[in-house]
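One chain is shown next in structure tokens, namely the form predicted alone.
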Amino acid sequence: MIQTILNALSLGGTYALASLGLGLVFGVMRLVNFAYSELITIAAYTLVMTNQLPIMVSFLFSVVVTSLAAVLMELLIYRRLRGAAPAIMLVASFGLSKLLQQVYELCFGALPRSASIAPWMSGELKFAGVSITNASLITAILTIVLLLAMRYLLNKTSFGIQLKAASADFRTARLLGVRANHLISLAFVMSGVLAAFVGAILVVGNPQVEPMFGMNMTILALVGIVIGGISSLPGSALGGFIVGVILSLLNTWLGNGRVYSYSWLFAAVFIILLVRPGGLLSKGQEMERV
């Protein structure tokens, strides 16, 4: 039972981080960044390709590479399309995602790359007669710390306050002196940092990295944003957490029937949206970005 709860918290926290990373960019640009999955993937590839280095050095290198990739996305693609119709931005995002998948395939091959990342995390900790895997315990603690750090960043720092203001009403925030380019670039950097953490957590549990490694996580994280509240950063984290917890519990309870986990997950999502169409933490009708 304890292991089941830890697994649910670990997966829920991981999805919360991914949803928050997507929500940071969506809040200021009204952009569904499908290429976020490629940030997760490049983080995982970086860890696999540098696994001979000490784990902290490898991880820091992964954070730098992923953050740089996020900033380049914004500078080279999204900044040039800023002000375009939402449909154009959506298509550009999806196209960038597919392009990067092909780039990864050319660079790393279509077959999975694997390496032993932090093998000590595969061990078990026995407490009161209960075996708990090191990976689930460390992941649960790490995600809680990261979510608390993000909560502090959003509520107590100038960047966080500006980001929340821009997420609520970007046009008014700009009129009040928020520097759009600076804020959007920082949002992409933070999105990249969170993607690096998500990629690290995923690759420890599944060290088989291929060009579409981060796609499944990104799609479900988008679902989390919708059910949490599409314009609410806390709602994004909450929605992602709910998706992860439900999926983890379904995988445990259904046993051999876990192949139907996603069906039951989306049934639960539909029920939530029928009760709260705008999301759990929505505060009214969405405002259009320009």
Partner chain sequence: MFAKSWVKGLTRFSFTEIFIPLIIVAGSSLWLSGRSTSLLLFIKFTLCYLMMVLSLQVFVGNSGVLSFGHGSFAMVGAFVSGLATAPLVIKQHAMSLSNLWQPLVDFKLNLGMSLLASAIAGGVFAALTGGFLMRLNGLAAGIATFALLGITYNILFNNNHIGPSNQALPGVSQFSSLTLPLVLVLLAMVLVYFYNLSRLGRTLRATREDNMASRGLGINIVRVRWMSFMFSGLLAGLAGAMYAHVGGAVQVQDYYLGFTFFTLAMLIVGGSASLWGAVLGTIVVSGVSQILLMWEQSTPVLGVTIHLPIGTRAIVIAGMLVVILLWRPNGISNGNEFKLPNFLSKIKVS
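If you're wondering where the values come from, they're calculated on a predicted model, not measured in any experiment. Numbering follows the first chain given and starts at 1.
If you look for the form predicted together with the partner chain, you will not find it shown, but the lines that follow are about it.
- The contact residue chosen from M215, L137, M150, V204 relative to the partner chain in the predicted bound form is M215, the criterion being a non-hydrogen atom within 4.5 angstroms.
- This chain is displayed alone, yet in the predicted bound form one of I141, A115, V103, L72 has a heavy atom within 4.5 Å of the partner chain; that residue is V103.
- Of the candidate stretches 232-240, 56-64, 24-32, 40-48, only 24-32 has residues whose heavy atoms lie within 4.5 Å of the partner chain in the predicted bound form.
- Contact check for V226: a heavy atom falls within 4.5 Å of the partner chain in the predicted bound form.
- Contact check for T252: every heavy atom lies farther than 4.5 Å from the partner chain in the predicted bound form.
- Using a 4.5 angstroms limit between non-hydrogen atoms, L96 touches the partner chain in the predicted bound form.
- In the predicted bound form, at least one heavy atom of A87 sits within 4.5 Å of the partner chain.
- The three marked residues, L68, L111 and K126, fail to reach the partner chain in the predicted bound form, with no heavy atom of any inside 4.5 Å.
- In this stretch, 244-259, the one residue having a heavy atom within 4.5 Å of the partner chain in the predicted bound form is V259; the partner itself is omitted from this view.
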